[in-house]
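Encoded as structure tokens, the following chain is the form predicted alone, with no partner shown.
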């Protein structure tokens, strides 16, 4: 994708899939204008597609629209500028492993931990009552947080053995996992007690220049803890 193309990304700051795409855009050196939307109230601001698009949504000045986390991720991979390393890896085996781990964090981890915490600690406050807003389900929240150490243990083992999650080089698996963890951190639900290698891995990803826009995120009415902006926590 040419740096001169006018690219807009419609996103919600606490959506981990939007965060992953924002990290991809930065790593692939694609300049874009972020447009924050809350899909439950701002649907009219999104491109008119059938069926209605899910965030993130990427648009270009020439009318090109790419909607949904998977489609946008693949589009960015396929249109990256020559000379920029792939976030999937260079060999079929590397790509298969990165895809496997990315799907794991976007699937099971989101279903069991990050998606639950996001709903109970944030979206319940933001959504209208008819769409699920209201008091958090504290039992569901406790169950999600009780599962977190299992996933931190996985990150611990992978990063200790490989340096990063998918291998020696930064990959989409690292961005996916870090995007989900960053949502937990914003919501003050991330602790690395007993998982030093996982903490070091996260500090490495969080310290990348491409992560800085995420650290600047603020959602009205839901402020992060002070540690959220610290790189050496």
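On a predicted model such as this, the values are computed, not experimentally measured, just so you know. Positions refer to the first chain, counted from 1.
There is another form of this protein, the form predicted together with a further copy of the same chain, and it is not shown here; the text below is about that form.
- The single contact residue among 160, 119, 103, 126, judged by any heavy atom lying within 4.5 Å of a further copy of the same chain in the predicted bound form, is 103.
- Among the residues 197, 49, 31, 43, the one placing a heavy atom within 4.5 Å of a further copy of the same chain in the predicted bound form is 49.
- If you check a further copy of the same chain in the predicted bound form, you find a heavy atom from every one of 54, 78 and 108 within 4.5 Å.
- a further copy of the same chain in the predicted bound form comes within 4.5 Å of no heavy atom belonging to residue 140.
- In the predicted bound form, no heavy atom of residue 112 sits within 4.5 Å of a further copy of the same chain.
- Although the partner is absent here, residue 64 lies within 4.5 Å of a further copy of the same chain in the predicted bound form, judged by heavy atoms.
- Proximity of residue 93 to a further copy of the same chain in the predicted bound form falls within the 4.5 Å heavy atom cutoff.
- Screening 178-186, 64-72, 34-42, 201-209 for residues having heavy atoms within 4.5 Å of a further copy of the same chain in the predicted bound form returns a single hit, 64-72.
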